[in-house]
Structures are given as C-alpha cells and as structure tokens.
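As structure tokens, one chain now follows by itself in the form predicted on its own.
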C-alpha cells in the first residue's frame, strides 16, 4: 500500500512540475509604446512621418501638441506654426495602456558645434533658434542619442542625409542622420588619424588628415577618400604639409596647408597635385559665387608669414591677389563668414597678450571693392573662437570661449555692429552650421 501511495505522490509531483515548466516557456506579450519620427527639427508646413514601434497594442491615440489628434497607427502631421511641441502616443491593448513622448521643434534652426575641453569633456551640439537668437536645447546630440559624443569634433559638414563630425581624441569620423540627429553606428576609424576637415563630391568624402605629429614630420599627412554610401575607405592621396580646410572649385580640390606656405591643388580626375606658393601658411577657405576662393594666410608659431591677410585665388588659372590684414586669426575653422549675398566677408583677427589671453576683432572685407573697411565691426573680444552669419537676418555671431573648462557664449551683433544679446552654449563654441 505504501508503495502505491508514494508512486501516486511522485506522479502528481512530476505532472505539477511539467505544467509549471510549460507555463514558464510560454511567451506572454508585453505592451509597450514607442515611435520614431522622420525628423525632429522642421520648418512650419513641413510634414513629419511618425512610425509606430509599439508592441502588443491594438489601439493608438496620438496627441501632436497643437490640439490635433489621430487614431492612425502610423500618422503623418504638419505643424502650421513655429514652436516646441510634445508629441504623445498612448498605446492600448484593451486591458492596459502605455505612453511614449518626444519633442518636435518647428521653426528656423541651426546647430552650434562646441569643441569641448582639454580636461576630457567631449563635444556637444547646441540647437540654435535663428529667429529668436535663443537656445531651446543646450546639448541636442545628448537629447537625441541619450549619450554624450565620444570625441572632440574639429569640424562638422553635411552631405546628403548625413552630418559628419571630424573627431579628434579619439580619432574618428562620426555621423548622424541629418533629419533625426540619431547616430546609428560607431563611426569610421579605418586609416583615420587626426582628421581635420572634409568636403564631398560625387558620393566621395574627402577628409584632410594630419596622420600623426605632422608638426614634427610634415610628410605624413594625407587626404582620405571615403565612399559615403558604404563608409569604406577607397583611397588615400598623400599630401605633405598638414592639409586643413578643403574646397572644391572648377574640378579641383583645394587644400589649405598649415605646415607649408602653399595651397595644394588636386586635379580630381587624375589626382595630380600642383601648388600655389603663398606668403604664409593657410588654414581656412571660403568659396565665392564665381567659383573662386578666399584663403586665410596666417602666421603660425612654427612658420611666420612674410605677409598675413586674405588671398583671393582665381581658380581658372590658380593665381591670387593678396589683401593684407595684420593679425588674421590662425584658428583652424570659421575665421571667415560671408553675409547672405556675399557682398561682405567678415574676417576674424586675434592675438595673445602677455598673459596668453586671446583677444580679437572682426574686420569687414567689401567684396565689390576688394578692400577692407577702415574700421572693424567689433573689437576687444576676449576669448574669440570663431564667427558665423545668421542667414535669416545677416546677424553676425561671434563665438566666445573664455576657457577650455567653462561654457562659452554666442555674442549676436547686427550687421551694423550693434550687440543684440549674449547666449550661453557649450564649452569652446566654434562654428554655426545650418540644417539643410
């Protein structure tokens, strides 16, 4: 009798464990709410597509933040007025509800690239409202990616649907989707050593790279060629002299050399290199509407200039005319900025005082008369770190970096040189780039 009793207990226990095991293996659907957007920064009248990523939901309730709602699974919406809108999705499965939100910015915006600091602080991107000269988001990259950038970006450049960042410390070319500002991979590192600037043509990204300690060996620098569709390196053009800024005009790639008194001219078909001898090393290039270029000719610590100022290069015959400007800035990016009709070119000057404090001014070059105006538009700017122009109203934006450890400012001036306001941004702001 005992034997039968224990057999029965064993059988019941086994069945119980079997039923428990089956229930644990079953997948119970979990309700979640979520969505992605085709863009998060748009102009009024521009449609946004919302793609639902909710799970186990059967009903959807959208509130776009402007008194408009929808029950569609994947709606499209257009905002009529500028503003910051909170978009809310409530997903339901009949028993439970879950909610997900994001913000959409409608208006005329640009981005400010903040280099960061030498104490380990990486770059940040500030969202800048061009109509109101205000900052709705201090670090837009962090907001969109839920993390900080991994490098100190030397420059930024948009081509197609990507915005590229030339990152140093660590060396990496990263990019985000131009519409959503989401970074989807770790970036490009193959043969990327000290990237500086870039430009693209026919789906090829040309990147100026110093290649290492170019100040000790000027022969190690090069131009890296990257396929913008595959992110694969497809070639390297060795170019001594530390190429800095790049520009393309009349089928030629122009490279400002920072460790040689030359501008390199690369035929884009044959990749043959010729040079334009300059009176100083060069750092920054701006192209005018006639496919000619302006180049900053500067004195550096290692290579004093015979004459510093602005060189205007005729790209048909690669000859230049020099327009002297004492103390033109040797900064690496955004020392020049044109107004919207390219009738004036603002040029940054700067110098260190005996206490190594950087102070500068902004000169005005009249493009028609090919002469600098007799007085600077602004002067006495401590910590000047770059300039830009707001293409909505031609306001001059001067980027101020008081130190490499504290937040900087944008000083906004009218085209007559009247200071309008000062806006706080990230550490070492250096350039303004528009959303295309």
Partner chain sequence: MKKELLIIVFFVCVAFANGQIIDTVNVEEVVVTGTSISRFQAGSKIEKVPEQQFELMQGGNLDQLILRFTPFAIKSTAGSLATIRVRGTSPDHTSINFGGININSMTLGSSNLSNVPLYLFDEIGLQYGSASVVNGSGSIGGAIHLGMNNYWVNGFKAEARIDFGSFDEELYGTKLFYGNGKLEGVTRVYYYKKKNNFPFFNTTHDFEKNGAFGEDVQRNASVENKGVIQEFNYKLNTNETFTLKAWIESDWHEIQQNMQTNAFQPNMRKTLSDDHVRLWTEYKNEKKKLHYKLGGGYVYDNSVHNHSTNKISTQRLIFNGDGEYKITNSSSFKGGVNFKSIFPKVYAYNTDLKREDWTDIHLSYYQNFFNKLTVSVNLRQAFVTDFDVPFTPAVGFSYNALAKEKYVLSFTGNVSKSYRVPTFNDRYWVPGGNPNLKPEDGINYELGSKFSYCIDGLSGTIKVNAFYLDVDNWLLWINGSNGWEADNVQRVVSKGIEAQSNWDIHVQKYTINTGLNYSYNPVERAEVVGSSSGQNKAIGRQLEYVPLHRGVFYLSGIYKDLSAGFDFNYTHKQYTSQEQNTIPAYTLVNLQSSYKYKVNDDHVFRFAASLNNILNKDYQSSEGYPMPRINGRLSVTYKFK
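Predicted, not measured: the structure shown is a model, and the values here were computed from it. Positions refer to the first chain, counted from 1.
The form predicted in complex with the partner chain is left out here; the points below concern that form.
At a distance threshold of 4.5 angstroms between non-hydrogen atoms, residue 360 is in contact with the partner chain in the predicted complex. Using a 4.5 Å cutoff between non-hydrogen atoms, residue 317 does not count as a contact of the partner chain in the predicted complex.
Taking the partner from the other structure, the partner chain in the predicted complex has no heavy atom within 4.5 Å of any heavy atom of residue 339.
The closest heavy atom approach of residue 213 to the partner chain in the predicted complex falls within 4.5 Å.
The candidate spot formed by 134, 374 and 397 is out of contact with the partner chain in the predicted complex: none of the three has a heavy atom within 4.5 Å.
Per the 4.5 Å heavy atom criterion, the partner chain in the predicted complex is contacted by stretch 402-410, the sole one of 402-410, 45-53, 366-374, 32-40.
Among 312, 122, 225, 261, the residue placing a heavy atom within 4.5 Å of the partner chain in the predicted complex is 122. Checked against the partner chain in the predicted complex, the candidates 129, 82, 171, 291 yield a single residue with a heavy atom inside 4.5 Å, and that residue is 171. Although the partner chain is not shown here, in the predicted complex the stretch 359-386 places heavy atoms of 359, 360, 381, 382, 383, 384, 385 within 4.5 Å of it, in sequence order.
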